[in-house]
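A single chain comes next, written as structure tokens; it is the form predicted on its own.
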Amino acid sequence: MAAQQTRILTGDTPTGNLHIGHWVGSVKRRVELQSKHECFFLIANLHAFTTRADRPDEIRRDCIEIARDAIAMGVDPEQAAIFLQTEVPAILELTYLFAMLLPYNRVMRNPTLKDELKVKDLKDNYSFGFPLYTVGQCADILAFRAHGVPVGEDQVPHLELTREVARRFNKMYCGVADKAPDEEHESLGGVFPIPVADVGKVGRLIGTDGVNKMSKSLGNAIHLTDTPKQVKKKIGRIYTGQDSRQPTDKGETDPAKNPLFQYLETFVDDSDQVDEIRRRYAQGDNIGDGEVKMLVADAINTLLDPMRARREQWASDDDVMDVLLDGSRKANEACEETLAMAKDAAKLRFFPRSVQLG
């Protein structure tokens, strides 16, 4: 990101506690950015209704848990606004407006949407709201006129859709030229900057099944709430694949075939130690998965220990709700300004308004 303060937006759908895949994919980057940029971190509780509309109590509980986890991982409520999607009505209005700018077929071509339909085995059994939420994600970002969006690599297609919406709106309603460079849209009178993806160092952490992306729904995640003993047990169960020890043409074993090495390179800070283990493993030098798993488990518990301690400090739901109220107020201030600009551009605003919470 540029040196000057810009606006950052990212968030999570409340589907349970955060896990280490969230940390390496996005949350770590949020912590790095929060002191340098104006940061808004969204809890997308309405998006959760796309597949769990019959479980509102669970979703409400998960909202509080995710906020608590984010704070425990290092997101500072004094530096970043943590807020609830449903408390920011401008997002919903912009979702409806942006839905008019996107062909249905374009929405359904989104590869992330296709993957979710497959992974969740929804087939044709999904609500109209399920594809609509991809438009809602565009509104989540553009309502803040965000410049950067920390995401995992699987969310990049969603961001590309957002970029398309921003370009189309700016050209249709603000007179921005068709071939205007993305970075000049604001200076040329566009309401929306064209946001860029900020993908973490590890865009996709493999789950403990050794195959799929880490996910609570797949039961292959290591959570912030896991005890040290549970972490060691889960790491011990990581499936490393039958061909992880098959020699290459050069007669060596390729660590890249073993998903355990992604954990080693992600969580063990000593690069010399990692290089040495990789060399020994490649040469078949009396080192097994068990030794690597012990090292990885210790490194993950070292990472999680201070997070667990901070989480205990935020055990009160009332304290977390105070953070969400304050964050939602700040989010409304930013989004109401955007909505007024967008309505003015599209000739939709007739009267001024304000949103008051609490």
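Numbering starts at 1 and runs along the sequence shown. Not measured: the values here are computed from a predicted model.
The protein also exists as the form predicted in complex with a small molecule; that form is not presented, and the subsequent description refers to it.
For the candidate set Val151, Leu113, Ala180, Leu101, a heavy atom within 4.5 Å of the small molecule in the predicted bound form is found for exactly one residue, namely Val151. The listed set Thr208, Thr95, Gln155, Thr86 contains one residue whose heavy atoms approach the small molecule in the predicted bound form to within 4.5 Å, identified as Gln155. Annotated contact segment (heavy atom within 4.5 Å of the small molecule in the predicted bound form): 134-142, selected among 228-236, 72-80, 213-221, 134-142.
None of the heavy atoms of Arg68 is located within 4.5 Å of the small molecule in the predicted bound form. Residue contact with the small molecule in the predicted bound form: Leu9 places a heavy atom within 4.5 Å of it. The closest non-hydrogen atom of Cys39 lies beyond 4.5 Å of the small molecule in the predicted bound form. Among residues of the shown chain, Thr13 is one whose heavy atoms approach the small molecule to within 4.5 Å in the predicted bound form.
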